[in-house]
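Shown next as structure tokens: one chain only, the form predicted alone.
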């Protein structure tokens, strides 16, 4: 099996995630700013747990090569993506201290603890399958919005978000994520019990991504 099999298993959920009104309104510049503020603060908290999950991948590894494999991603999260997120939030008037003090919304708690619990209870493949919808989905969203006729960049306050995830740096980074996941899935039959379990993990994490967009939308109501 491969990552496309995971997406096909939950195609409707995947479309609900990657074509959600939240990202469509980001692309057109119509998203309520309070929805975006809530998203930014919760995403900061999410990324901290995402980094913990990458550290867990080291713990779950058996060989030195496996232990080294997550390190570039973990380092990028802690030293690059988190810093970029903080700097970006500062342009919206949100400080790192304010984001640290933000309570985790229910959707953030459910999603991050699901990923970590899946990793603790399972193996590296379970963990990376649970992590995959985030990285791969944002690449799909970015690519779609970059080509979408309705996307408006000029005068769009969310232009940098669209350009980040549609950009070459992010897209090429996700290619490595897909390569690693496919290597883990390659010897697992799709119709096996193990294959079904991985499909369910991916589906649940995808549904959590939908809920993450939804909680931002609800915050603005």
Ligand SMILES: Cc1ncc(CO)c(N)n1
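Fair warning: this is a prediction, and the values are worked out from it, not measured in the lab. Residue numbers count along the first chain shown, from 1.
Keep in mind that the form predicted together with the ligand is missing from the display, and what follows is about it.
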Counting any non-hydrogen atom inside 4.5 Å, which residue from 47, 184, 56, 190 sits next to the ligand in the predicted complex?
47
Just checking whether residue 128 would be counted as a contact of the ligand in the predicted complex - the rule being heavy atoms within 4.5 angstroms.
no
Consider residue 212 of the chain shown here, and say whether it contacts the ligand in the predicted complex, taking contact as heavy atoms within 4.5 Å.
yes
Is there a non-hydrogen atom of residue 43 within 4.5 angstroms of a non-hydrogen atom of the ligand in the predicted complex?
yes
Quick one: does residue 170 come within 4.5 Å of the ligand in the predicted complex, counting heavy atoms only?
yes
Answer range among 146-154, 132-140, 113-121, 88-96 for contact with the ligand, defined in the predicted complex as heavy atoms within 4.5 Å
132-140
